[in-house]
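To begin, one chain is listed below as structure tokens, in the form predicted alone.
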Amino acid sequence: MAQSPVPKATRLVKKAGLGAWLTALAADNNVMAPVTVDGKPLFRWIGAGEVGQLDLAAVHTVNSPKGGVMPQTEPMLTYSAVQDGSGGKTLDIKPAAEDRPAVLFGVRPCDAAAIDLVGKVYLTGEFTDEQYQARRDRTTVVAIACAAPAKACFCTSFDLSPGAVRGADVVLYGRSGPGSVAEGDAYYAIAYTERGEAFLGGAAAKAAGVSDLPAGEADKLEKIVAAFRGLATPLGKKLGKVDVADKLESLFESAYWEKVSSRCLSCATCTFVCPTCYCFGVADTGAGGQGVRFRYWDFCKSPQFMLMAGGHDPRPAKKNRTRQRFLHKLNYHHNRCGEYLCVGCGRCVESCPVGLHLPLVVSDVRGLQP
């Protein structure tokens, strides 16, 4: 398991003060947090009036918080035709306006790790996504350790844990330790980045009673953090460490992909709930000499995903598209970046209507012959 960074600050957060903290944050920031809506835990942008719906007990929200850094639909630029000095017209192109700073609060460690994982796709290499960079630079990620992992959790299969730090500026650990959904009356808040340190020392935190660690609790804190990081995950125990990248090299033409793809409905549920799916399409809309260019989440299992203007489609069959999804996460990305494109959140396990999910494919691939 990867070594965690050295804490930069530690505070105590009383549960009773969370509402005041989020209310104060919402005055100057866009705040996304898990809230209960019609009985379902969802990550939503919330205002001060919705703080009472906060649900930090939900290990699995229906959706992930990736929309906080990669909106499902977002403008890229606006354009309009304007008169130039010679009596003709030219295009006036303006980039999308920047928004307020943002706080993603109550993010689970798997989802925080996913933000870091996807960020490396957008922000490293020959090209970087400036719009994504700007949004990420103004976003603070506050994670919460999982006291009782859900039955579909398998983050431990990817060198993560219910108390992992990757991708988070601050991590909240239940003061009573892991073992149940009940977190006790307070959280230990540990900042692992300079942004997190400033966040815990900010005016909103102070106004909500976020305080220094009580004397004598440093040893207790260390043991509790270690306990969270040592927790097993139910599906992770069955699946074990994912290790199929090399084997998949010889299975590109396997009949397995035809067999397993016959179950797929191409409904895109797996893509929309997955925190590490990052593909997008680009389109323009407008009339009367002005318009907007925007991008939107797209998915590789769509029959139109690779369809070209001339009618050619390099992935015409559902078999090809299903193979692409799983090879991307379990082989292609691993070959390029040295890690799998999955954090074991378990949403695909819970949401796929036909039970076609990554743990199933990993288990099947282990038993296949080249």
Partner chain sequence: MPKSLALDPKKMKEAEAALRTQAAKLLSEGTVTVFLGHEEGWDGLPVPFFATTPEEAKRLVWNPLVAFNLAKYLLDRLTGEEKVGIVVNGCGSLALDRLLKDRRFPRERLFVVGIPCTGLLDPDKVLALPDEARQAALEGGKAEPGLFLKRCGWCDAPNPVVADVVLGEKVPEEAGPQQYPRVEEIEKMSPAERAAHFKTLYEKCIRCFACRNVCPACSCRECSLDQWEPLWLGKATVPSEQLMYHFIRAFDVAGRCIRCGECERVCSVGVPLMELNDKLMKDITELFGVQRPHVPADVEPLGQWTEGDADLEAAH
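Numbering follows the first chain given and starts at 1. Everything numeric here is computed off the predicted structure, so don't read it as measured data.
Form predicted together with its partner chain: not shown, discussed below.
A.B. asks: Identify, from the list F158, W257, Y173, F299, the residue with a heavy atom within 4.5 Å of its partner chain in the model of the complex.
C.D. replies: Exactly one listed residue reaches within 4.5 Å, namely F299.
A.B. asks: Answer with one of L123, L265, A226, A134: the residue that has a non-hydrogen atom within 4.5 Å of its partner chain in the model of the complex.
C.D. replies: Only one listed residue qualifies here, and that residue is L265.
A.B. asks: Classify R44 as contacting or not contacting its partner chain in the model of the complex by the rule of any non-hydrogen atom within 4.5 angstroms, answering yes or no.
C.D. replies: Residue-level check for R44: yes, a contact with its partner chain.
A.B. asks: Quick one: is L54 in contact with its partner chain in the model of the complex, heavy atoms, 4.5 Å cut-off?
C.D. replies: Result no; L54 lies far from its partner chain in the model of the complex.
A.B. asks: Heavy atom to heavy atom, is G19 within 4.5 Å of its partner chain in the model of the complex?
C.D. replies: G19: no, not in contact with its partner chain in the model of the complex.
A.B. asks: Find out whether any non-hydrogen atom of R100 is located within 4.5 angstroms of its partner chain in the model of the complex, and reply yes or no.
C.D. replies: Output for R100 is no: heavy atoms all beyond 4.5 Å of its partner chain.
A.B. asks: Is its partner chain in the model of the complex close enough to P7, R138 and C279 that every residue in that trio has a heavy atom within 4.5 angstroms of it?
C.D. replies: Answer is no for this spot.
A.B. asks: So if I measure heavy atom distances to its partner chain in the model of the complex, which of the stretches 103-111, 233-241, 184-192, 218-226 falls within 4.5 Å?
C.D. replies: It is the stretch 233-241.
A.B. asks: Residue by residue through 345-370, which ones have a non-hydrogen atom no more than 4.5 angstroms from its partner chain in the model of the complex?
C.D. replies: Residues within 4.5 Å: S351, P353, V354, G355, H357, P359, L360, S363.
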